[in-house]
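Two separate entries follow, structure 1 and structure 2, each one form of the same protein chain as structure tokens.
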Structure 1
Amino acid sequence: MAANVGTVAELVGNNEQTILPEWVGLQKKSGSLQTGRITEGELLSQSRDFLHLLRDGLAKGGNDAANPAYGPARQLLGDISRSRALQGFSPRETATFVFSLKQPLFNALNRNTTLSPTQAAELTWSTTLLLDELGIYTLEVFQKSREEVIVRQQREIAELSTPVVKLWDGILALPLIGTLDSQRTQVVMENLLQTIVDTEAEIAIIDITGVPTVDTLTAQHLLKTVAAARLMGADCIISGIRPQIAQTMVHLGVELNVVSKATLADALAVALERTGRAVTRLKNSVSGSGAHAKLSEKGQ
């Protein structure tokens, strides 16, 4: 049997001139180049490299795709799948790379007159199994790479969407935007508490104007954060609570002493007052606006 598969290796070696163009042609036909993500030159060199490695595998590893002799071939397939996953190829486009090799290979087998029909059938079958196995491997790597991309993006989003900003000396703001699941809330809250320590802030304003809904668990997390901040010696003000969210909080039976204000501006005013500051309008600024008013009167 192994000798028979060795025949395929020989066949691949001797017929590269016919197999390669046919294979690349099929790949082009199935649209591998249409999206312009890779060039024809790249496709050709990827195909040629794989054909060589497949031949080496067939020569030494029989038709068992798990054999170490197929290591380099799998390595190359893994690299190709990974890069295609990152480039945004579809699973079909990625799997086609291996599966479209079947037809040129079988054509080459059939053209070989030294093989009896039974032998040709046997070899076709074992080569089918081998290529199926390698195709599945391709898809596994593709899937895994996509998942890695998703995990990385989730992490990036979590980091991007949790900025703790300093509004004033000792006053922090955490503008929350988007849906708050409880995992994200947890990251955000730990981040806020750590920033309180780092900046020695007395007051933190949690602004949820940009939060469309808050589920029960998230509301609890928010309240726990307020409680934790208090234990550390800092006060929290929640601002921008939408009507539905206010209802959720009431239904939760929230009795914690949470100071809440309609807008971030109101919250900042409270925070400034508590830290012994006040905002006043400058005199020349007032006269400036008066001048402006006069100007617009003239215009009319």
Structure 2
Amino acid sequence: MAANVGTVAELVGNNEQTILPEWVGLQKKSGSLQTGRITEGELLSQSRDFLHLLRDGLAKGGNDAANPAYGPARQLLGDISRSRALQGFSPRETATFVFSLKQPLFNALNRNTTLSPTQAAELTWSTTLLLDELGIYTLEVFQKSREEVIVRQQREIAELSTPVVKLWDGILALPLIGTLDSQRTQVVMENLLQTIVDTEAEIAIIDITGVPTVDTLTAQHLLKTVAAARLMGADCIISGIRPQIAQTMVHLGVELNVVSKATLADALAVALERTGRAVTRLKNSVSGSGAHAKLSEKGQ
């Protein structure tokens, strides 16, 4: 088998001028360039580099893809897979980079008249197994990279969907929309606590108007957020508890042990009172534009 492997390495080296353009042509035919995510020059460069590393791996490591001799080739495949995962390539488009090399190699083997049919068949089979292993490795790296991208995007979306708003000096509002799970609770805590530190807030209003349901687990997440805020010196008020949610919480025996209000406006009024402020309505102004409201500090 060593001689056969050596034959494949020599075949790749001696027929590069034929194998490379045929391989690149098959990749272009499969649509690798149609998306515009990669240029023809980049595709040619990646293909040429991998072909050289594959030849070196064959010459030094035989047909065992796990051999250290294939380390550089695997490294290149990993870099290509990660890059294509970020660029939005599909698994099929990424795997085609390796699997489309089979046909040019088999064609080169068939053109080698010094090989007997048995030798050609053995080389074809061993080369197929080798490329399959490298192709599977490519897909594994691609899949892992895509999962990392998805997790990062989910975290970024969670951060964007849980903004902490400064309503007034010392008063923050945290409007929650959607399901509150463990991972999102962590993001909520981090954003809220950091904003409390940055603004030296005294009160944080957690508005759950956009939370579809509140079960025992959701209540636990809310309590964790409230407890964390208290440790930072800020009291919490929960607003947006609708009648259906209130009934559900009563049936479940859930106790939030925190001040709660039906609307954000009610919660803001409580927060203003606690911080020594009050909202009062003014009579019609001189311009006749209607009633106005002003915020006044108590004791003034």
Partner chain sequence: MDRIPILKFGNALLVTIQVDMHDRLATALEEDLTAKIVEYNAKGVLIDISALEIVDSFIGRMLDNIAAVSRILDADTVVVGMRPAVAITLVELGLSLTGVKTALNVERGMELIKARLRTTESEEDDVEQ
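For clarity, every value in this text was computed on a predicted model and none was experimentally measured. Numbers follow structure 1, counted from its first residue as 1. We call the rigid core the largest set of C-alpha positions that still match within 1.5 Å between the two forms.
Asker: Would you indicate whether the form predicted together with the partner chain is structure 1 or structure 2?
Answerer: Comparing the pair, one sees that structure 1 is the form predicted together with the partner chain and the remaining one is not.
Asker: Could you check, with the core superposed, whether the Cα atom of T113 shifts 2 Å or more between structures 1 and 2?
Answerer: No, the C-alpha position differs by under 2 Å between structures 1 and 2.
Asker: So, superposing on the core, is the move of F99 at the CA at least 2 angstroms between structures 1 and 2?
Answerer: Superposed on the core, F99 moves its C-alpha less than 2 Å between structures 1 and 2.
Asker: Against the rigid core, is the Cα displacement of L231 between structures 1 and 2 at least 2 Å?
Answerer: Yes, L231 moves 2 Å or more.
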